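Only one chain is given next, in structure tokens, and it is the form predicted alone.
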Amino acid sequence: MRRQHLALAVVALAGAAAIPWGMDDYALGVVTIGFYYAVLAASWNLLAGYTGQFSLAQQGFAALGAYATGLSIRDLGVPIWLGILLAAAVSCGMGLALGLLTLRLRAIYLAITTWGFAETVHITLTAGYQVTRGELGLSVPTLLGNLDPLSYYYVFLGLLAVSLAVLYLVCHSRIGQFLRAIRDDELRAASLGIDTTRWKLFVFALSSLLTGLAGACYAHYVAVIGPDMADFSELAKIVVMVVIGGMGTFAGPVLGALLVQLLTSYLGQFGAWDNVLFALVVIVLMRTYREGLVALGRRLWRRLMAWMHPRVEVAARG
């Protein structure tokens, strides 16, 4: 099975690497931002989909990563690569601290507490304009010293590939079994000897690290960042991406992120009606197949195989 996954990953990566040669600059920018959201969605899925920790602070960690690298470069004069590493470390540390504060919280209580953390980050970035420049925006140097969309496409594709590789190793190891056990029944998992505290802290820290790293790279791509990165609407977008793709699946958040990003970019031409049209599309998708696109794809694949090999299907049932 792992060989099949590796083969699919190689094919998908090769296809993604070849796609830009038939796209214009605008389309490249849309897909590049889609890769950014795919990292955020996959990281949040590790928390909510695999571990059952419904955090509402993901956008806060992305903003922390973006501002950490921007402020460290501006005020400390560190090189860009060190600023990105500092951003990942700051986000990871804050995720670990938030995990410690919310160890005993579950369901709606965890959601409210993490939402409060994200709103605190949002308000702090807005009110602390003497340092963060508030709504005026903080200027950040570009990662490659240019604005070539093709170069950044491959940067974010590489970031997504590395993030997914890390998440795959975690989810398909003994750690992944522990996380799913915590999701299904935390008390039973603890009674079986699983250190639930340790692994909940681990998943908070890892998810925050990847999110902060993505936020830092995003900052060096757009060149100007603002407090809106920590706005709740960003979290809502991430959740929709995961749910549409398939919560608790590995490929679902990536597919959902790319689909939602392409869809919102296309609907932007309708002005104020774009959110209404987007909501209608989401409602139709959820009413049609609420398990997500991955589950729908698997079901269609099984039906296709059954149609192409009816004798095998009959023999299997027999």
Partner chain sequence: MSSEALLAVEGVSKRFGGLVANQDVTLRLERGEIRGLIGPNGAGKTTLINLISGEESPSAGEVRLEGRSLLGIPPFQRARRGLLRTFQVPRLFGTMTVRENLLLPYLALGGRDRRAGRRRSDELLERSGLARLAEEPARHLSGGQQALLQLVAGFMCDGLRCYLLDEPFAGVNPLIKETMIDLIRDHNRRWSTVFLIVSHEMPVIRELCSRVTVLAAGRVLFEGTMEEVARSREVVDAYLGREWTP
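Residue numbers count along the first chain shown, from 1. On a predicted model such as this, the values are computed, not experimentally measured, just so you know.
Heads up, the form predicted in complex with its partner chain isn't pictured, but that's what we're talking about next.
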Distance check, H122 to its partner chain in the predicted complex, heavy atom within 4.5 Å = no
Would you check, heavy atoms only and a 4.5 Å threshold, whether R183 touches its partner chain in the predicted complex?
-> yes
Indicate whether its partner chain has at least one heavy atom within 4.5 Å of a heavy atom of T113 in the predicted complex.
-> no
Going by a heavy atom distance of 4.5 Å, is I108 a contact of its partner chain in the predicted complex?
-> no
Using a 4.5 Å heavy atom cut-off, indicate which stretch of 184 to 192, 156 to 164, 67 to 75, 226 to 234 touches its partner chain in the predicted complex.
-> 184 to 192
Tell me, which of T126, S151, Q177, T142 has a heavy atom within 4.5 angstroms of its partner chain in the predicted complex?
-> Q177
